[in-house]
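Only one chain is given next, in structure tokens, and it is the form predicted alone.
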């Protein structure tokens, strides 16, 4: 069994250890979940909703402990509190939506009048979910809740970087025996994830493109579906008609929220040259007022890098940009207080030769580049391998939408940024290397956990072999 040291993101010190499940332990847990799943799926949906409602109550009862653990995991308090307190609403939303979906309606065939058909929705027996370190609670349960309501058993492997919250989370699950029979959360490393993919009937993964590609390849070998939500390098286009107060507010919030450690963070900003100078001036003025929350976790805005190695990646991207001619107007230096912080960092004189413009940054970095025409802005925004989400700010929603329709990304925020982090009702698909599989948002986030079986009913006489008798055809 492998033991992992866990680093406190605020102090940089190892203050927690956990042991990943050995192969035999993992196999036994998965076998237990699989054995319990048929009864779970056979029960009425109303029963599964009621069981999750009881878990919701247990979760609320244990919220202080889960918030404390998540705060240690991430080094941030307010966002941790928001994550934990958001889970009951997620359960409520899916519990309201699920009864309206997967309806077994009967239809008549348009081509064959004696034929009718209906669909049976058959849940995948065992779903594996591998969640990342940047939003440990939200992304741990975002796939699990609809999968459970669909009738699947679920095993979630949180990241080894942020494992503490799993202890009180599992205590809340264990308090509801019917749920504990089909739902398990246990952190582990790469080996746990690899074995999980080999053992389940469908896999959900949230994380980097590099790791997501490995998950997809393993899922293909196992011949199971993979639902992947991967990285992004989300652009924001600001037109000459835009309200610059709104535009700079959005650019600052959507690049720096959660220290920029979010897949849907805006990561590069393209501004019409006619308003480029005033935009940059206002953005820098606002960015300079933002403080890191050190030493007091309850003061300031920018939290630490959750994963210290990510700070090193961002530092290398900034060094690359400087070496190629970029100017840093504010921020730009990694602050080391044991843990690592970065103030909002505005860059100009940037271009697409720089990794800060072409790679996922995952930090509070705002490179700003001018454009002369909307066609140029669209081409710049569409350049690259990512297509997760994007934003457009213009004088009217109609102008913003006209541009948004031309962008190669799954979720386009109009006159705002990163709205997909706030609103989960709409379906969207990732473009390019930003993901694979059905939408985790909207009705598709539930329906993807079913295989669809067609029950085709013959109301008349069936065809006989005479239908292909050549001699009868001649007559």
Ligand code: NAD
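Note that the coordinates shown come from a computational prediction; the quantities given were computed from them, not determined experimentally. Positions refer to the first chain, counted from 1.
What comes next is about the form predicted together with nicotinamide-adenine-dinucleotide, which does not appear here.
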Name the single residue among 239, 134, 317, 199 that comes within 4.5 Å of nicotinamide-adenine-dinucleotide in the model of the complex, judging by heavy atoms. 134
Can you pick out, from 139, 306, 148, 283, the residue that has a heavy atom within 4.5 Å of nicotinamide-adenine-dinucleotide in the model of the complex? 139
Residue stretch of 398 to 406, 227 to 235, 81 to 89, 340 to 348 approaching nicotinamide-adenine-dinucleotide in the model of the complex, non-hydrogen atom distance within 4.5 Å: 227 to 235
Just to confirm, residue 268 within 4.5 Å of nicotinamide-adenine-dinucleotide in the model of the complex by heavy atoms? no
Look up in the model of the complex whether residue 205 has a non-hydrogen atom within 4.5 angstroms of nicotinamide-adenine-dinucleotide, and give yes or no. yes
Is residue 96 a contact residue for nicotinamide-adenine-dinucleotide in the model of the complex, using a 4.5 Å heavy atom cut-off? no
Classify residue 71 as contacting or not contacting nicotinamide-adenine-dinucleotide in the model of the complex by the rule of any non-hydrogen atom within 4.5 angstroms, answering yes or no. no
Using a 4.5 Å cut-off on any heavy atom, which residues of 344 to 364 would contact nicotinamide-adenine-dinucleotide in the model of the complex? 360, 362
